[in-house]
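Quick heads-up: it's one chain on its own, the form predicted alone, in structure tokens.
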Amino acid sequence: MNEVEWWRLKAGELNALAARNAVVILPVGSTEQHGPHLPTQVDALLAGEVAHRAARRAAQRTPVVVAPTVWSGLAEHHLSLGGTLSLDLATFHALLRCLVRSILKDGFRRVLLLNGHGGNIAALTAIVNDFAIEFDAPIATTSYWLLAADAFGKILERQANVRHACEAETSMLLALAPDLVDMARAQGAVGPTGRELKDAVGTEAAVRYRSFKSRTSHGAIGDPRAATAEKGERLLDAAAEAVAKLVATEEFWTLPA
């Protein structure tokens, strides 16, 4: 099987992949609190795992390589609960710009910023639009759980998709790093524990800043009690398949800008 991990490849091998117009997947996560039962690395770990699984699948159809995961994102709203490292928007934009610029200078042209953190979504949408215009290259982004939403909905029992330190994320961590999961504390990690904005105004169309602590006293939203490692494997495979399909869809990259 072809190697897909940037860090394991030599410069000459990466140059050869660039010459073949390989897609570069750049996982973008976060380091933040994940309730009383999960570690702070969840978003970065899952973004990287999905990226590598997807790349191994997509490599059968198109050249692809996975860059090292960006482990910090926009997590200001989690700082109220501790254990969180966050960038501000300007730094996030600048960091990703430097990385994408480097990837393009290395000879690659197609870049997918694979997101693993809900707080990054709005910024990444604006950022890839900026980069595509500035660099005149097909730069894209997706959040793995949104891309695999239909499949996730059929696997999960108590929620429709990923929330936070929930049935989905806890299941995927049980599959990947069970030693980092404290299921004895999952009973006390069902949320939200506070009133949600959409319940107050009757719509999700209105947006305002809220700290996570104002929404959930323990840091979790969802129900991790239903999590299982078997469910986690199915979720990871579904996400990998969805991302692999996107990466290998030539028209996605070649439609006129």
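Residues carry their position along the shown sequence, with the first being 1. Note that the coordinates shown come from a computational prediction; the quantities given were computed from them, not determined experimentally.
There is another form of the same protein, the form predicted in complex with another copy of the chain; it is not shown, and what comes next is about it.
- Using a 4.5 angstroms threshold between heavy atoms, residue 161 stays clear of another copy of the chain in the predicted complex.
- When another copy of the chain is considered in the predicted complex, residue 246 lines it closely, a heavy atom lying within 4.5 Å.
- Using a 4.5 Å cutoff between non-hydrogen atoms, residue 61 does not count as a contact of another copy of the chain in the predicted complex.
- Residue contact with another copy of the chain in the predicted complex: residue 21 places no heavy atom within 4.5 Å of it.
- Residues of 5-24 that come within 4.5 Å of another copy of the chain in the predicted complex, judged by any heavy atom, are 6, 7, 8, 9, 10, 11, 14, 15 in sequence order.
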